[in-house]
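Just the one chain here, the form predicted alone, laid out as structure tokens.
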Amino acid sequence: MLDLTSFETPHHPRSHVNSLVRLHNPFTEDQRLEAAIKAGWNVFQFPSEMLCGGDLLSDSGTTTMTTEQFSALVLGDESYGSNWGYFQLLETIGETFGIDTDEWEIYLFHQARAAEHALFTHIAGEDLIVPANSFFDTTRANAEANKIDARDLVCQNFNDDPDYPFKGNLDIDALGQLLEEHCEQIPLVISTITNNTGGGQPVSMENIRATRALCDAHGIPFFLDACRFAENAWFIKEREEGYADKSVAAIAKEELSFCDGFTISFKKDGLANMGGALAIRKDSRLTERYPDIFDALRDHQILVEGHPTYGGLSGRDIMTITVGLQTVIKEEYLKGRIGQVYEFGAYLKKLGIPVIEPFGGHAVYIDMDRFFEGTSMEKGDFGGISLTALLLLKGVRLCELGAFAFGTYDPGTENETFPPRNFVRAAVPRNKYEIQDLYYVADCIKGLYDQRDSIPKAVPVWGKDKALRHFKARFELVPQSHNAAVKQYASAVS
């Protein structure tokens, strides 16, 4: 039985952190347990008010805005069409990404998945393949909803070289072979910077350049998922030869210079709580295959989002994004942001937690296969779900991105298909937490790691056959005798 009544670690004194937790969170262990059971142990369904300063479910839209953004917010122009802020945002997009906005079609959306939905809806067709370095959950779902084969071409150095600095790279050899064999079926190629599915790892400029060259050789458009373009630029500056003396702002412009188009969530490196965009060069090769795509996308935007100059956003949101894009490429901001993630990861590593290295820019990823190595927990027992479920009782929320989130269940054969990677992600919101908050999260993870032999299985009782199942599924933790044990865990650190 899980028995975590005491798991104080010597590495970090937690008295200060726990005093803050007690001060700001009035909920009891019994109340959290009741809420977790009511939520079916699904972290997405657990009420955020019960969390204790450790909500690392996502870094998307969870940013704490700067005083400059709040100052700009009050200038938001809520005119229905051609609001003042729209033109400010266009100018900032041009400056940040190094593009002439008169030569691009730019579509605003309330967030990136709406932009992805628009793009994939209007390139849909039978037997199409869209290759990428890795598809994230909703990006894959948008492609597959339109009958597109979302093909991951994962960097081969990920497993071969633990210290490889750009594990987010697209496999260039695999892309070349795929283009040779299926060029007519490929409407575009995508690279996600940084690679969220692949452990938050960056993509090198060399890889971006090589991908563009292959696409040029086969007449295929190249797109970026640029959600974390600034963090990726920081890693290029820090890790790639020839870029140490270049500014992050200049590197960001170079990244975008290679693409025919990009999607972006302003909820990440826009430092905003809402917003996204799709941008496509007017002379992109995409128009050769889809000559009416610009009109189709504009109609789509108007139908589902609103006037093109607000695109599902308030004037306040637009001003927030405008200032956010100006802030995110500042090196003093990125040094603090990525440095905090690094310190969190280093502390987890010091506690013996098996984390993915080198650390990325927005999250620390825990390897569940290594976490449960030597125990009876099998991949189909969904230990990552169990880990995130039990952490709720300490007011901590992480996200399983592994065997369950990226796996699939076939109700006909009753077989589970598992992804190659089995992670739990601790995504750090921008500008929100102090390092003591992250130490608290790490200590809670350590408490469970020390008792990993006793962690119960997570059994899906509803939703395992659904699309995007990790958002919706319900679980039971087995054996049922877990209730007393998890209550002990809930009161273990006080």
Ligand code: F0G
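Note that residue numbering begins at 1 and tracks the sequence as displayed. Nothing here was measured: the structure is a model prediction, and the numbers come from that model.
Just so you know, the form predicted in complex with this ligand exists too; it's not on screen, but the next bit is about it.
The chain is drawn here without this ligand; in the predicted complex, the stretch among 349-357, 414-422, 138-146, 181-189 whose residues come within 4.5 Å of it by any heavy atom is 138-146. Checking 204, 265, 83, 284 against this ligand in the predicted complex, a heavy atom within 4.5 Å turns up for just one residue: 265. Distance criterion of 4.5 Å from any heavy atom to this ligand in the predicted complex singles out 116 from the list 231, 116, 317, 260.
At a distance threshold of 4.5 angstroms between non-hydrogen atoms, residue 227 is in contact with this ligand in the predicted complex. Taking non-hydrogen atoms only, residue 431 never approaches this ligand to within 4.5 angstroms in the predicted complex. Contact annotation: residue 60 falls within 4.5 Å of this ligand in the predicted complex, judged by heavy atom distances.
Not displayed here, this ligand is approached by residue 112 to within 4.5 Å at the level of heavy atoms in the predicted complex.
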